[in-house]
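Only one chain is shown below, in structure tokens, and it's the form predicted alone.
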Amino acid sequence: MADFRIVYFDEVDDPYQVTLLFQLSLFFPAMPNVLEEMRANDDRYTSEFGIFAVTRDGAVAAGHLLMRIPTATTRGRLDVGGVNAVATRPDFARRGFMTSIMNATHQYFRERGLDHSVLTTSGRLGAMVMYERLDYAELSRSHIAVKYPKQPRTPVPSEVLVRSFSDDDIPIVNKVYTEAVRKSYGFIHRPSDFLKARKYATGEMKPKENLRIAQRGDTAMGYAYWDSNPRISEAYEIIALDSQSFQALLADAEQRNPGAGIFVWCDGLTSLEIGWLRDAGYQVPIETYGIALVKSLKGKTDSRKLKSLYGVELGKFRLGLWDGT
């Protein structure tokens, strides 16, 4: 008889056990109220929300959250299964808990008519061996762009103003994003309350302090979220409708933190924006350990065909840092 059982989130007797799992594995103290806020504000989470291995004494040994993610492909909209916040407690590692959970997850997705399972992870983690054994294959790699303090500064476009964010800008940010990603593929469909959902998911998001809006006249043309300290300004997301607005957001960050290195996560950018970064003097693209993996739930995974389906080779694929699982 197995010494654990596989259950959904609402079947866990003590939700603080899930909090402990995430704290020990992901260093994210997701208290039960935080998990419920994530669940309420991001409709991509399924009704079961999460799947976990629970030992006989009630400890949550491993698990992850469950998502149904709408994506855009060269053949139209396609919902995929999302494996989010994969975690195993260190004291339960290498005992087969996660393999059992993943097999149950794949069956769960199949029963709901989903053809693919997707997750994001680090290529240097030991879990990659398990994912490869389960027939996951690479969909895309994570990249960054960088500029150091002594490199030439990005020119400031005179016709674009960059200002701070207010709560009234939430629909504006959504509108800019929707317009900017309209002709690309990948993970571009977001919930209407996306910023609020991300606030609870990361536990650290502070839009009023870190989000900047690029504006031409009375029209918002772009935004960027910067996490900054005296050494580094890091853009988790930068989206703009034209090259000048994109350039203005870069110049604003360089001016506000002149002694820092500027890092831009490129995961949510297509080849068009990568070109804008290069034009602004950034070293790009620089590969990181981040990787998006995909598994076919109906037959053998064909990475080449899936990359073609999502326009990866066309340079039109988006999987933003905030959209990763």
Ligand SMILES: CC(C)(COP(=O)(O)OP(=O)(O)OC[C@H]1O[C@@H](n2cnc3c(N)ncnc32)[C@H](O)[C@@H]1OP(=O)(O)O)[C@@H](O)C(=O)NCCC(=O)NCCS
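Don't overthink the numbering: it's just position in the shown sequence, from 1. Keep in mind it's a predicted model, so treat the numbers as computed, not measured.
The form predicted together with the ligand exists for this protein as well; it is not shown, and the discussion that follows is about that form.
Novice: Go through Tyr136, Phe109, Trp226, Phe97 and name the one with a heavy atom inside 4.5 Å of the ligand in the predicted bound form.
Specialist: The residue from Tyr136, Phe109, Trp226, Phe97 that makes the contact is Phe97.
Novice: Just one of Ser184, Ser142, Gln247, Thr120 has a heavy atom within 4.5 Å of the ligand in the predicted bound form. Which one?
Specialist: When the ligand is considered in the predicted bound form, the option within 4.5 Å is Thr120.
Novice: Verify the contact flag for Ala180: yes if a non-hydrogen atom of it lies within 4.5 Å of a non-hydrogen atom of the ligand in the predicted bound form, no if not.
Specialist: The answer is no: Ala180 has no heavy atom within 4.5 Å of the ligand.
Novice: Taking heavy atoms only, is Leu26 within 4.5 angstroms of the ligand in the predicted bound form?
Specialist: Yes, Leu26 lies within 4.5 Å of the ligand in the predicted bound form.
Novice: With a cut-off of 4.5 Å between heavy atoms, is Gln215 one of the residues that contacts the ligand in the predicted bound form?
Specialist: No, Gln215 sits far enough from the ligand in the predicted bound form that none of its heavy atoms falls within 4.5 Å.
Novice: Going by a heavy atom distance of 4.5 Å, is Thr88 a contact of the ligand in the predicted bound form?
Specialist: Output for Thr88 is yes: heavy atoms within 4.5 Å of the ligand.
Novice: I need the one stretch from 5-13, 312-320, 18-26, 298-306 whose residues put non-hydrogen atoms within 4.5 angstroms of the ligand in the predicted bound form.
Specialist: Going by heavy atoms within 4.5 Å, the stretch is 18-26.
Novice: Can you tell me which residues in 120-141 come within 4.5 angstroms of the ligand in the predicted bound form, by heavy atoms?
Specialist: Stretch hits, in order: Thr120, Thr121, Leu125, Gly126, Ala127, Val129, Met130, Tyr131, Arg133.
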